[in-house]
Structures are given as structure tokens and as C-alpha cells.
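Shown next as C-alpha cells: one chain only, the form predicted alone.
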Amino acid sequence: MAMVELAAETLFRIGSFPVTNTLTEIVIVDALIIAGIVLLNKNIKKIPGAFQNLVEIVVDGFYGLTESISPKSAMSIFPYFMSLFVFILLANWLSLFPGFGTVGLKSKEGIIAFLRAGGSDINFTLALAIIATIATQVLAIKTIGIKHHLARYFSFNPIFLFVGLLEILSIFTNVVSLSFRLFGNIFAGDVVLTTISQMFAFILPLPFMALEIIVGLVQALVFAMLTMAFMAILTTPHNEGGEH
């Protein structure tokens, strides 16, 4: 039987670098996104086909959503928002294909799966949350300037200084909440689907798979929208809400 471990399993090493089954899935996701971009760029037409039409509808809808949250910074925030959503969604949905978590290498303990959901690896979700947080801080500095950005956290007024320190603390809590929310939901779904698929090959896994399609969509949307909301807040000059 396939093993369901908390940590991602190492398939092989390149020197001292471990290549895990979750990393393998992420590489496939990257390749699919790059292939999709290349395909779209080569086939852009004035009268769009089905694929181009779908992409335009999704992009237009998500840009409208970004603009409704942050009208002034929508152009800057949207690429991050859309990229995170597409990347996480593909990583979540790709893991629902047959063979994920069930086909792999034999070991003494069982089978080490060749492929596993990237979101079921805390290293992946934590790295994603850290990247999103750093991108948010960098975007804020580029948009409003370092002086206005630091004014959000530091002040000569003791009350505002205390509030600023709480905001600094919230940066770290946001990293934890973003990473563990995504990890917890995807890992739990991975365990359930792997277990059910090994016990029942047909029919019974289908309702669980349908549920995981929804969970994968919701978690991608939640992660991307929370990042977008943080960006919208931090790209708004602090003095627009009141002077220190």
C-alpha cells in the first residue's frame, strides 16, 4: 500500500539536493503554465477561439475583482493575484489525476508515490506564503515609498508605535495562517483520497474527488485573495486613514 507521510518523500538526490514527490508535481505544474502561456501567445487572434475566450473571461473577471478592492493599485496587484491563483489551483487539481499518491516505488514500509500534491508539503506552502509576504512588502515600498511604508509600523506616538508593532507581528502570523490553511486542507484531502483509492478503485472515490475539486478551487482563491487584500491595504498610504 502507498505510504501517507506528513513529510514529502525523497525519490532521488541530485548531489545533496533531495528531489521529492511534491517537488516533482510542482515542476510539472510550472511546465504546464509555461506551455499554456506559449500556446496562448502563439495563437492570439482578433476573433478568439474557445481557449482564448475562456482565458479572457477569467482574466477580465479577476481584474475587475482586483479593481473593486484596490482601484489605484489594481495594475500592480493583479499579476501577483492571478499568478498565485492559477499556480495553486493547478497544483491542487493536478493531484486529483489517477496515479497521484498510489503509483510509486516499492519500499519496506510500502509504496513511495512518484507524485504527490504540492500543497500537502508544508515546505511548499510555507515558501509560497513567505514569497507572497515579501512581494507584498516590496510592492508597498515601490507604490507609496519607504518613508510612508515605515510610518505604518513606527511612530513617535506611543499608541501608534504599539499598533505598528502589532502590525509587524501580524506579518508573521499571516505567513503562518496562509501556509497552514493551505497545507491542512490539501494534506487532509490527499490522505482521504489515497486511503479511499486503495480500498475502493471505482465509484466510491468519486464524491470525495468532487469535494476535493471544490476544496482545491476554494483554497487557491482564499490564498490569492488574502494576498491581494494585504497588498491593497499596504499600497494605500497610511495617512489616508489618518495622520500619525
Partner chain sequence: MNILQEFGVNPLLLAAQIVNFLIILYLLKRFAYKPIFKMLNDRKKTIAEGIKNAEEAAKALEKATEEEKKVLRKAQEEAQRILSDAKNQADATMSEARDTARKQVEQMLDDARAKIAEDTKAMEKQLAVSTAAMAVDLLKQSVKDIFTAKEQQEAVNKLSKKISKKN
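Numbering follows the first chain given and starts at 1. Quick caveat: nothing in here was measured; it's all calculated off a predicted structure.
Same protein, other form: the form predicted in complex with its partner chain, not shown, and the subject of what follows.
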Classify Gln52 as contacting or not contacting its partner chain in the predicted complex by the rule of any non-hydrogen atom within 4.5 angstroms, answering yes or no.
-> yes
Does Ala232 make contact with its partner chain in the predicted complex, using a 4.5 Å heavy atom cut-off?
-> no
Give a yes/no on whether Phe180 approaches its partner chain to within 4.5 Å in the predicted complex, heavy atoms considered.
-> yes
Verify the contact flag for Phe124: yes if a non-hydrogen atom of it lies within 4.5 Å of a non-hydrogen atom of its partner chain in the predicted complex, no if not.
-> yes
Every residue of Ser16, Thr20 and Met82 near its partner chain in the predicted complex, heavy atom within 4.5 Å = yes
Have a look at Ile33, Ile213, Leu65, Val191 for me and say which one sits with a heavy atom within 4.5 Å of its partner chain in the predicted complex.
-> Ile33
With its partner chain left out of view, choose which of Ile44, Met199, Val176, Leu206 has a non-hydrogen atom within 4.5 angstroms of it in the predicted complex.
-> Ile44
Only one of 73 to 81, 144 to 152, 165 to 173, 92 to 100 has residues with a heavy atom within 4.5 Å of its partner chain in the predicted complex, and that stretch is 73 to 81
Scan 157 to 178 and write down, in order along the chain, each residue with a heavy atom lying within 4.5 Å of its partner chain in the predicted complex.
-> none
